[in-house]
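Below are two forms of the same protein chain, given as structure tokens: structure 1, then structure 2.
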Structure 1
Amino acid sequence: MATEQKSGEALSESRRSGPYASAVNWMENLSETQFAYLLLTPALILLGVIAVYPLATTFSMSLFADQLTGSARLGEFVGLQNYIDLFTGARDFALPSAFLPTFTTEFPFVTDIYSSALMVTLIFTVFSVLFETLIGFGQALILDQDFRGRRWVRVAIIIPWAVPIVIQGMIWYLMFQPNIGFLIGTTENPALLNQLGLIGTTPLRDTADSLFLIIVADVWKTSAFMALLILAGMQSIDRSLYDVAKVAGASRWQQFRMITLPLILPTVLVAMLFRTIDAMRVYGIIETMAGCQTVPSLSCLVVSTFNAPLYGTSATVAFVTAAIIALVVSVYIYNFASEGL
């Protein structure tokens, strides 16, 4: 047998034929770059047709004026006028709120932060991502432990993420709806949160109160996203590294800081990156809890103009939103490029 089959493998390998085998062979012999692009092709085609092509179309829409009457979707070609109007505030009337805040020279350099979509969005983003990351971390640390019943705790912690936004909105809306929810009182008979001065008695009509509650609701739901990713990151760490660290004398905290943290950093960064992007596009929870009039986010502007329908303006705001997100993301990438993203 032995001599017969001597190097039989190599032979049988090349003997195998047919279109499948030749395709495999062809792929294996590609250079690394060619191979990379080949593997990316399906994703790029999908993204090209379903994302890039629509975006190109939408971008061209942003160069046309709005058209409210007649069968045409858009008005005449106006070039970048929509963009100019948006930044000069000349288009604010068509939006649920101002796009940019009015700037002043004194701290905090803007007047009435809650009346501009940009500020509302940024506030939401900063606080929700911050708390989600912290809480997600905490949750992941717990889920990483071995204890009885942890599978159920895990489900419990992750399950808010599985709630549709409409229902998430309903849950929190009802909690803070006067005369329905118990978390809200009346002027005469205030509830705990009212007494603490955290929220007024009609929080969902007040921008600041609503924003606060929406952040809480979002943190409730989305911490699970963070926890899930961070947990997965922790699970991928080679356990023997902890053995080494333990013997070297590392306390739990030191193990966390010197092993866990650096090794899950790429995962955490991806999670934070996408949470930031998502948070900057927040819409659903606002719509279902307080409404775009009360808490105007950038996406609110897009959707409400889209529904108006002011397609030119909507496309413009969408692209400007994307540009702002790109700006924020580039800050991330600039700061963390070294972490292997």
Structure 2
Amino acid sequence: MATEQKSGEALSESRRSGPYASAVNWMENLSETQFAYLLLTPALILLGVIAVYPLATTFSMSLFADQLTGSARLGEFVGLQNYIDLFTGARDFALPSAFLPTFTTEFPFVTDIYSSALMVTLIFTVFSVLFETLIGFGQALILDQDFRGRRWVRVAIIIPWAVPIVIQGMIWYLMFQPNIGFLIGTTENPALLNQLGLIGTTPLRDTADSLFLIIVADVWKTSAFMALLILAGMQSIDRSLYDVAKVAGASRWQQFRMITLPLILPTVLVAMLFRTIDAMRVYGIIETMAGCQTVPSLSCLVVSTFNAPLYGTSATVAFVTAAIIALVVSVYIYNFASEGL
């Protein structure tokens, strides 16, 4: 035992006096926060390579002219002219849809909401994330209970999430296709959804109806994702807290309000952050169900202008989309910090 201790001390002494001595001493003098950042350095470098570099390249590309940049020659440096044209509507004539809605001086101060790619994207993001969070929270509460057949219920909830977007889009497209879909009727024989006034008889040709159905389809698929994340957070809660609450006479609502909700809130906010980022980039479900001509989104503008090819305009829309997503992420991070999460 003494021999092993001496050999260990000798090895430690050799490391301190060897070629790496200065590095070892430097790391030992770091604080816990500094050492944590040191361990994160490789991940940050990798993130910079796969995320920051493409973003910087996109911004650089947006500063050069394409066929739509006024009198400038193709490939000529034009600075922020592409951004000015995008926000003033000078590019709308060549885009599948307008970037911004038309602003007025009367309430609700905007018109042509459904013809604006930005407004359609924001409407989709707000309503899809809201309902996915609520439904996913309810599913997680159910799955967190101990009942017979819980494993099969979990599998049933996960199935929609496992369906590829293209297949999901075709399923919903066929369900609401006139003369084919069983959920859509005709003018002479309207279905229940038509009678309730939720959709018309040709919903996939109308922007408002198509957007409504796309939101429903996305909620059907992705609420399972929210449920799994929230369920993971719920199962990490110490069950003894509920036992103490029961002994104290707390009702189920009081247990939920005082224990479950505060402890699960950080997980819910992280799940909402993931879904918000993904929803802002919506493209696949739109293209497979109704098409970008019917339901424009920011990603639709990026793809259509890139295929034109209008690389300067495409890069401009892509960078603006990334900036909006960064703003949303900043709001979430600010809420995390203000709540001490």
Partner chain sequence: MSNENSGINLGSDDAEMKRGPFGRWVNKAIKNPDRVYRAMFYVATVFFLVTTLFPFYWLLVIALTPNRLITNMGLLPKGFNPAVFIEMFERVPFHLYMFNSFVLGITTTIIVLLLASLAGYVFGRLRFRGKGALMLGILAISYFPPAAFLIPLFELFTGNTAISLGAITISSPDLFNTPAPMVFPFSALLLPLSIFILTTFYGQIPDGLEDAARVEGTTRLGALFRVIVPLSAPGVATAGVLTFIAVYNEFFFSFLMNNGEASSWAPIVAGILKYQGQFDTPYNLMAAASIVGVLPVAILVIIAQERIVSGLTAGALKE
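Sequence positions of structure 1, starting at 1, serve as the residue numbers. If you superpose the two forms and keep the largest set of C-alpha atoms that fall within 1.5 Å, you have the rigid core. Here the structure is a predicted model, which is why all the values come from computation and not from measurement.
By the stated condition, namely the form predicted together with the partner chain, the first structure is the one that fits. The two forms, fitted on the rigid core, differ between structures 1 and 2 by less than 2 Å at the CA of Ser60.
In the core-superposed comparison between structures 1 and 2, the C-alpha atom of Gln293 has shifted by less than 2 angstroms. The rigid-core alignment places the CA of Val320 less than 2 Å apart between structures 1 and 2. On a core-based overlay, Ser31 has a Cα shift of 4.4 Å between structures 1 and 2.
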